[in-house]
Each structure stands twice: as C-alpha cells, then as structure tokens.
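Take a look at this one chain, the form predicted on its own, written out in structure tokens.
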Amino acid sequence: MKLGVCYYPEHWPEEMWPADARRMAELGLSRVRIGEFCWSRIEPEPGHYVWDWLDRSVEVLHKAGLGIIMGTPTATPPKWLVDRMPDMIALDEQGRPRGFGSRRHYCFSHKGYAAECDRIVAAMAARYGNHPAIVAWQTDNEYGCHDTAVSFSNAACDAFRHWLAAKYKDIAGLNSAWGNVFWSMEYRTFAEVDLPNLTVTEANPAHWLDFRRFSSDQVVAFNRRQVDILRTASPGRDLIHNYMGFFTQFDHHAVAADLDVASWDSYPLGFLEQFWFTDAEKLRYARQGHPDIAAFHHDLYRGLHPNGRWSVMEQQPGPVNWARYNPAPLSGMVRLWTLEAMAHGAEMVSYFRWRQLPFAQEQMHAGLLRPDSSDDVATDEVRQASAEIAALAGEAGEPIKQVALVFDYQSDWVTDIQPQGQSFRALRQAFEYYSALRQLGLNVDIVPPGRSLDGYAMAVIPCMPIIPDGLVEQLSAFKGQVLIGPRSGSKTADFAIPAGLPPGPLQGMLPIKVNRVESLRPGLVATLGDGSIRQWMEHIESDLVAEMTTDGGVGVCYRNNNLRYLGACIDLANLQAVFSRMADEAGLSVLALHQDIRLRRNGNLVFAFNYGREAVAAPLISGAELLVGSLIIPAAGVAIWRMA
C-alpha cells in the first residue's frame, strides 16, 4: 500500500516546493494529489492559459520521486465563468442560488458549463497527459458535496423533461406509472412537468424517485465526459474519483463503471459528529470515530469495482473545520486508520493535507505540517505506519470472503423520499447490520445487487424496497445463509405497493405477506425477550412458524430453508443472535469481541484494532504468529498476526 498527501503548490511560495517534496519522500510518501482547485490560476482570463507555475511544480514533485494524481479543476469554476453564464449555478430545493464564493457552484445539467469543462480538461490532458510523473487522474472533486448532486435550476428542469420523455415515450405512460390520477395531478405533455420541489405538501414520491434517478444519471454523464477525454489523451493512467462518507445522492456504482479505482475521503471524527449516532457514542468515540465508520466505507467503496481496487484519497490527520465540534484524534488513531485501510485492501492512503493553511475557509483544518511548517502530531504516526507497511510488504493478500452485504443506492433514495418514520434510512440500516456482523469478528464485503456471491457463506440484505431484476433468481441459487431485512420488496419500480403486498417478488422464495407496518417513536417499543423492537415493525401473515416473536406473540423473523426475513428493527443483541445462528449454520465461527475491538482478515494476516480509550486484551488467535503489537492492545493500538 502506498502513502500520499494532498498538496496545493499554488497556496505556497515557489521556494518552498523543493523542501516540501523532499520532506514528503523522506516521510515515506510516494503519491501526491494536486490541481483539483486551481482553475483560476490555470486560466485567469477566458482563453488565456498560464501553465508555467504548474509545469514547475510538476517537475519539482517528479524530481523527488513522487507520482502525481492530477485533479481536474471543475469543482471550482472561476468568477469570470460564472459571470459569463450566471445560469450555470445550481438552485437548492427552496429555489435559492448556490452562488460563487466557495465551491461546487455549478449545475450538472447546464450544457454550457459542461462544454467549458470539456475545454479545460482537454487542455490539462493535452499538456500533462503523457508526462511520466502523472500516474492517475482524479475527476472533479467530491461529486455532490454540500448537497449539490441535485439542482432545481431551469437547466435541470429542461433536462429532466427530456429524460422523462426518453423513458416513458408518451405522457400517458408517465401518468400511469406515477399514479397521477390521485389529486388531479395528470399532465398533458412532458413540457408541463416541473421539478418536485416547492409543492404545498409532499410531492408525489414516484415523481421524486424519477428525479433522483435523473439527477444521478446527470452526475454519471458529467463524469463520463471527462473520462472520455482523459482516456484518449492520457492512456495508461488510472482514473479515479473521491467519494464521501454516508453520501448517497447519486449511484456510485454507475459512476464507478467508467473509472478504474474508487477512492473516498475519510474523516471518521467529523462523520461521527454529523450523523445519527447517539450522544453516548459521540462521547465514547469522540477522538477515535465509531469503530465501524471507516471500515464500512472501505468495504462500500472496495465493492464499487469487481476487481476491488480502491484507495483513501483524503485521510483526516487531525482536527477538521466543518463538523459541529472538532476534537483532535486520540494519539495513535492516524496510524490505526492507515493500517485499517491496508487491512481492507487499500492501494493507497493519502492524507489531507500536507500543510495547514493559514487563510480562507479551511484554515482550521489540520495537516501533516502546521502553518509554520513544523511537524504536526500525525507526522510521527505516518512515519511509523510507513515503516510497518514496508515491513509487511508481500504479507497481505485478498480480504477473506465470509459475508456479503448487498446494498444499492436506490434503496436509500426510496427511504429518504418516504421514510414513514423519522430517521429511517436504508443507509443507516446497512451500517447497523454491518456493525453487528463486525462485532462478531466476521469479515463483511459490501456488494451491489447482481454481483457474484460465489465464495460467501452468508448474504445479508438490510433493506431493499425495490427488488431489482435477477436478484430473486440469484438468491434462490445461493447455497449459503440469507437474511433479508424490513421494507425489502415493499415497492414496485414505480414506487407503488406491490399488488400481492410486500415483500413483493420475494414471496416466490419466502411464503410471507406483510399486511401492516408501524413506525415507532423513541420510547414506543415492543419487547423481544430481554431486548426490543424500535423504529419499525411489520405485521406478517404466513403458514411458516415464526423463528422469533415478540412477547406479545407477533412474528418478527420467518425462515424458509436457508432464507430468513426479519420484519423489524431489533436491538443489537437480538440481531447478533440471528447472525450467530446463521454463521453457525454456514460453518463460520464468531467471536465474543470487546465492544471496542474489531478484526479484519486479509490473506494470511489477521488485524485487530482497538477503538477504545483503554488497553484491551487481544482476542485469542490460535496458530498465529504476532507480527505487530502485543497481546495487550493499547488505546488506539493495532495488533497483526500471521496465520500458519
């Protein structure tokens, strides 16, 4: 695994560049990402290119032996371009402009802006595409960040109407699919269809779902234009995009189909603070991040490509600037996060950023160096991780296949559009299933529907309201143990309740019928032995005998041969009990791990990570040689064994 860093030569005096490059190499870094925000420096006036400074920075980095990942600068169009075509900016859901003055101020549907992107990308590729320093290209930066994957502009509205016409052919087909007879919502032509925002109350969920599909397709098309230019002008280089944490506004699988490597930007402390975790979890893991945040995304993005190629493009090295609260990582966590990425098969971990910037919006975001160029806290941890990675060269292999967790982005769109209960999300359901499995010491891979399940002992579908074509046949042929979670099969592709009631197409495998659903507010629970059902509960008809029932006798989990359907959100202990039974039936061993310890098996190596603030005894790994760490794993510590 290679180590890298994000660097912005345009931010620093040119006389600093050689020393920076030398120090990067001495630290064990071999990759550097540049260029993704420098459009105004490359083209300060329309059509007037200034390359000399970027040429020199490329040469300085190349001379130090650093391979360059060149970013296309399309996430930050310059002011003169916005002024020339002011309608290129996106509008938010309230119709307000997403204006100039920060970043991502463009609409994916604007044809004029797309042409300008073609031009600047082609110019960069022509100049640097065959330079020996360039090892890869990053397209744009963090598609959709700041909720910009969806736009409610005139350009988006026009493009959406054309998208609908291509899909439905005639307006009667759209009216039928959306159920527009309800509330007199029928249209006469596609030109009458507006975007689903600014309605008096809830807009038609089928309208929203098609708009989400359309918006995702616009991101895919925008990315593909850059890919086509770069593949022609810079052959042999990897094409990469950097995705984000807990972000689902577009279908990442569809974007990844045009790329070579998936990458993501890992900020475990910020994500813990910003998302659904409890106050107790936020306090316990404030300086470490929840033990499954980084790993979940490692496996999510490793699953974007069938060959499993993925990297971390931005790794948090210290406090960030954008969360509600921004504590510093516990000593040792930057090393832990680095080695955990290695355990999940990363090709690279790149730290954001090289030097903390003393000005502008990110001046409070830590780097590997302080603004005065002295080493910050994380630098020694990177140095240690670099030495350990070098010592383990050749030891790691492919992550061991045990459990496949099946996730698609459309499922999160459906539950976001019509949650039927505050905070219910398919993404959160997937994370909680993933976390429960990991706490049993199991290896979990996250795969899209349709990906081969060969080699897995278990398959888990946490929540999939719309069952894609072919999935029923695939699961029917799968010999391992299968668990399907609540709301799966509950909607048709047109966002309607199936004619035969949920779980729709799954009834061919599971003779059950969901005849009522309840969403439960906090404190309103159904007891389940020593545990409970929270948030979501389905009432199921079936001739099968329930494998799990509430204390009131309501069936919760039903089994038919190797298939189970779980129709409720149940507590962790009961969920782990179900997974443990499945693992035993599948021939997998589970472990009673400490709540702060996580394991990952990669080739002949077993990694253990302590996300706690106290030292913890390592789990017993029989027949293994300890290579890194000790049998008492300190806080933020790592232990690595080689299996016999």
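All residue numbers are counted from 1 along the displayed sequence. Since this is a predicted model, take the numbers as computed values, not measurements.
There is another form of the same protein, the form predicted together with a small molecule; it is not shown, and what comes next is about it.
Colleague: Could you tell me which one of Arg451, Arg534, Arg103, Arg213 places a heavy atom within 4.5 Å of the small molecule in the predicted bound form?
Modeller: Partner contact (heavy atom, 4.5 Å) among the options: Arg103.
Colleague: Which residue among Ser109, Asn141, Gln402, Gln226 has a heavy atom within 4.5 angstroms of the small molecule in the predicted bound form?
Modeller: Comparing distances to the small molecule in the predicted bound form, the residue within 4.5 Å is Asn141.
Colleague: Considering only heavy atoms, tell me if His365 and the small molecule come within 4.5 Å of each other in the predicted bound form.
Modeller: So His365 counts as contacting the small molecule.
Colleague: Ser350 near the small molecule in the predicted bound form, any heavy atom under 4.5 Å?
Modeller: Result no; Ser350 lies far from the small molecule in the predicted bound form.
Colleague: Hey, in the predicted bound form, is Tyr267 touching the small molecule, heavy atoms inside 4.5 Å?
Modeller: Residue-level check for Tyr267: yes, a contact with the small molecule.
Colleague: Verify the contact flag for Trp53: yes if a non-hydrogen atom of it lies within 4.5 Å of a non-hydrogen atom of the small molecule in the predicted bound form, no if not.
Modeller: No, Trp53 stays farther than 4.5 Å from the small molecule in the predicted bound form.
Colleague: Would you mind picking out the stretch of 277-285, 126-134, 314-322, 149-157 that comes within 4.5 angstroms of the small molecule in the predicted bound form, counting non-hydrogen atoms?
Modeller: Partner-contacting stretch among the options: 314-322.
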